[in-house]
Ligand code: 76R
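Next up: a single chain in structure tokens, the form predicted alone.
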Amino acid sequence: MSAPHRPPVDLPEPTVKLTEGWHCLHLYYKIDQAALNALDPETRARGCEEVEHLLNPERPGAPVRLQTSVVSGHKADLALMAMDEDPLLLDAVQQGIRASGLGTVLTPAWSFVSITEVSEYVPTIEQYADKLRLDGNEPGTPAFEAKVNAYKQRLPMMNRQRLMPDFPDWPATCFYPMNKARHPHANWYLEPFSHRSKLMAEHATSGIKFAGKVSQLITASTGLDDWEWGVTLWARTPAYLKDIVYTMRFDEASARYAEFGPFYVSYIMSPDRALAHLQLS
């Protein structure tokens, strides 16, 4: 009789929690006006109190990141973005809204499930040094070493922001999903890594031009949702959202290989202001 199969001793314990990075959930709701009109005043008031409490990022047991915004256009009315190491904390917000007094009023319009990651195209310190050499910087010189040391100091902070991001205190936000193309004449996944890395470096250079204007978060959704990545943008003003998307679409990584889903533009508000703006409270 063969011995029972035992997993390697170095495997982590089974868990839904992430040990590196956070789960990310985008939720979009539409208001059912007929259902709202049918609510008695007491149920409506109670529902607003319940939803406002659920969306309070400071409440005990809230996800580590929780942001509310109101959506421009007909696709949705209310948007939520939640992040935490535990996906059940994110789901609890969704289930709490469903079970609240506004559960029949706030009807799901769209959602997106993803997790944070450090992209494989983020250069290591060694790769960054190699790029400096290829750009004509002489190894061993003070200028070369200063650039390498500066990148070495920035990299942990940049990776932490990718895995456990802080949200900027800016008013406009935009979310959209995307894929990399698999067309016969433009298949991203058949390109060698060196070529893909070069194209992504060019793409990143375009984005850097918007530092201080736009903050970007890429979350991974391959195997988790219908698209491969989700892109969340925050901007100081809505015009910057248009400017950065338009500018970066001319990069080959985008122009040849990117496929985009729906765009949801919304404006960040506190939960009480959002409910009042949507004429729910």
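Everything numeric in this text was worked out from a predicted model, so none of it was measured. Numbering starts at 1 and follows the sequence shown.
Quick note: we don't show the form predicted together with this ligand, though the next part is all about it.
Comment: this ligand is not present in this chain, but in the model of the complex one of Lys147, Arg162, Lys131, Lys198 has a heavy atom within 4.5 Å of it, namely Arg162. Taking Glu191, Asp91, Asp86, Glu117 one by one, only a single residue has any non-hydrogen atom within 4.5 Å of this ligand in the model of the complex, and it is Glu117. Of the stretches 137 to 145, 96 to 104, 76 to 84, 200 to 208, only 200 to 208 has residues with a heavy atom within 4.5 Å of this ligand in the model of the complex. Contact check for Tyr28: every heavy atom lies farther than 4.5 Å from this ligand in the model of the complex. Though the partner is left out of this view, Met178 does reach within 4.5 Å of this ligand in the model of the complex, counting heavy atoms only.
None of the heavy atoms of Val113 is located within 4.5 Å of this ligand in the model of the complex. Contact check for Ile244: a heavy atom falls within 4.5 Å of this ligand in the model of the complex. Shown here without this ligand, the chain has Gln216, Ile218, Trp229, Val231, Leu233 in 215 to 241 lying with a heavy atom within 4.5 Å of that partner in the model of the complex.
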